[in-house]
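Shown here is one chain on its own, the form predicted on its own, set out as structure tokens.
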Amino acid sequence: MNSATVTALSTADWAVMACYFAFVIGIGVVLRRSVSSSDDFLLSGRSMPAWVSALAFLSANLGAQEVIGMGASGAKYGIATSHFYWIGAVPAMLFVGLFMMPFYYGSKARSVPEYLRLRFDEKTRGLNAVSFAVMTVFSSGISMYAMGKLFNLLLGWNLDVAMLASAGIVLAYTLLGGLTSAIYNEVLQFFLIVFGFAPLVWLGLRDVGGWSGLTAKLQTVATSQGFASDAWVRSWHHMGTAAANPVGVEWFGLVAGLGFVLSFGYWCTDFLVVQRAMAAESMTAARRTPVIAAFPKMLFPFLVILPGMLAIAMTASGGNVIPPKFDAAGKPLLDALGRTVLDFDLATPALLVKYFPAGMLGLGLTALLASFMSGMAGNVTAFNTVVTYDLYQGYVNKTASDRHYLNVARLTTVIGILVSIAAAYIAAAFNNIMDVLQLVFAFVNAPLFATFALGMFWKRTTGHGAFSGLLAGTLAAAVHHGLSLPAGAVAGVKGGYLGAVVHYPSELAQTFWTAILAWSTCFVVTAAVSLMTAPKPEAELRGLVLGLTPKPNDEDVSWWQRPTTLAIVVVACLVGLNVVFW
């Protein structure tokens, strides 16, 4: 496959995609009748069963940047990419369900920034609302770029036209049904991903000779880049030093940067996913939501990472599955070290084109399109909630009618889509969209988790401390990123714009340490300023802080359905997976 390749879709492929689009729009049309207030449009009326909110909780993170980006990371880093799931997601999902959801759900806050207002003060809420709004449109833009690029590759569409067309589809069904429409489409997307990618993995593994055949082919990939022959198929074995593994980070940077700061920062504080749990029908359902979602989350590496590993193995064996990136003159791009820059984001789409026949290709492309639209709609629904409630109602018009806020929410949805288009062009500078997404999280979510950790579990934390810490943590991330540069990169969007003082072996290593520094700075500054300022009276902190909040009562469900029991089973499975792929 090269830059000139255009895939001819059959009538069956178009029919599958058309049925999906009709179903998506149909959901929005049906649900529009039940959207009569801003609460219906933005919060789903807190009426979702636990299994629905759990699949939505998982799928909100399963956008195009996850499906395509994890495939790209699988090709670039191998099975070590599983760390994004087994230490970079599941532990934090359990933590937010068991320990943080009682504060979110019990406080009746409509958003994460609103919880910050209740716990701290108005300025902390405002800072987080602005930074979160920026982050969501960046993430939405990444999804838009990924799918625009897919249309460009497979159908030969102009990239600009492709992004605008895909944005229009998302805008249509989000405007119609709001958050409820997004949630039900996320559930649909979950099953599309499973049924669309399971055959792809099976066909690829069969072609290379199973896991043993894949392992043998990946030895060439590893040794050609100066690593041990099994570096692409061992998750922990080579994490002793940064230079010994393709991720370019040692175990401490991985555990602290990804497993703690970035992971807990995202799953515990990002309103995009927390919003799904907050839409659950009860406190017990809200707590079970992330825990139930952890079960399929553990298995998704086999659906989204393995295609990338298969693609790089075949490319190294002469199959040329992953194409290079091309410059404006049509020549392959070279990095600062003179190596050809492979377009890792095309690893999974290229494998779909290679293996899927007519009809099946339509299903695979529909799964990718569903992941794009789900991820983008998830970001947009979180964006419009925060902008409508926390920024517009909070600072512009506090006394308008509910109908007015509903109209503002719909207008904000349109604005979010438009700003996302601009953000899509920034993503084009990276050859792995997961790298830029993790960098955005390092700036926004990493310091925010320090604020939440102190705020929820230390009643002495003050509003002045939280605001100062958030600001200091974000600035620390910017300074570190500006003074550091990953191998093979030039100063610019990848860092070094303040001077390349520190060099990292990979973009992920740079991101992990950016997140560690941001979290540490926020934690220290928040604690120091809190000790020097007056805290809120305990009466104002009830339901918001540990020790002043009633413990959740799960007596309404059987013991085997309780969040704690489910979490114990998840931990046992998680340990087993890490041991098997050590």
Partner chain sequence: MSGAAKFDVRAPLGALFILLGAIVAVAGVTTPGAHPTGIAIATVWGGVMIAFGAVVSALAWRARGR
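Treat the numbers as computed from the prediction; the structure is a model and nothing was measured. Residue numbers count along the first chain shown, from 1.
Keep in mind the form predicted in complex with its partner chain is missing from the figure; the text below concerns it.
Its partner chain is not drawn, but in the predicted complex it has a heavy atom within 4.5 Å of Val30.
Using a 4.5 Å cutoff between non-hydrogen atoms, Trp202 counts as a contact of its partner chain in the predicted complex. In the predicted complex, its partner chain stays beyond 4.5 Å of every heavy atom belonging to Tyr395. Residue contact check for Gly499: none of its heavy atoms lie within 4.5 Å of its partner chain in the predicted complex. Exactly one listed residue, out of Pro323, Pro505, Gly126, Gly359, brings a non-hydrogen atom to within 4.5 Å of its partner chain in the predicted complex: Gly359. Note on contacts: among Ser520, Thr533, Thr549, Ser34, the single residue with a heavy atom within 4.5 Å of its partner chain in the predicted complex is Ser34. Residues placing heavy atoms within 4.5 Å of its partner chain in the predicted complex fall in a single listed stretch, namely 202 to 210, out of 248 to 256, 287 to 295, 105 to 113, 202 to 210. Contact check at 4.5 Å (heavy atoms) against its partner chain in the predicted complex: all three of Cys19, Phe191 and Tyr355 pass.
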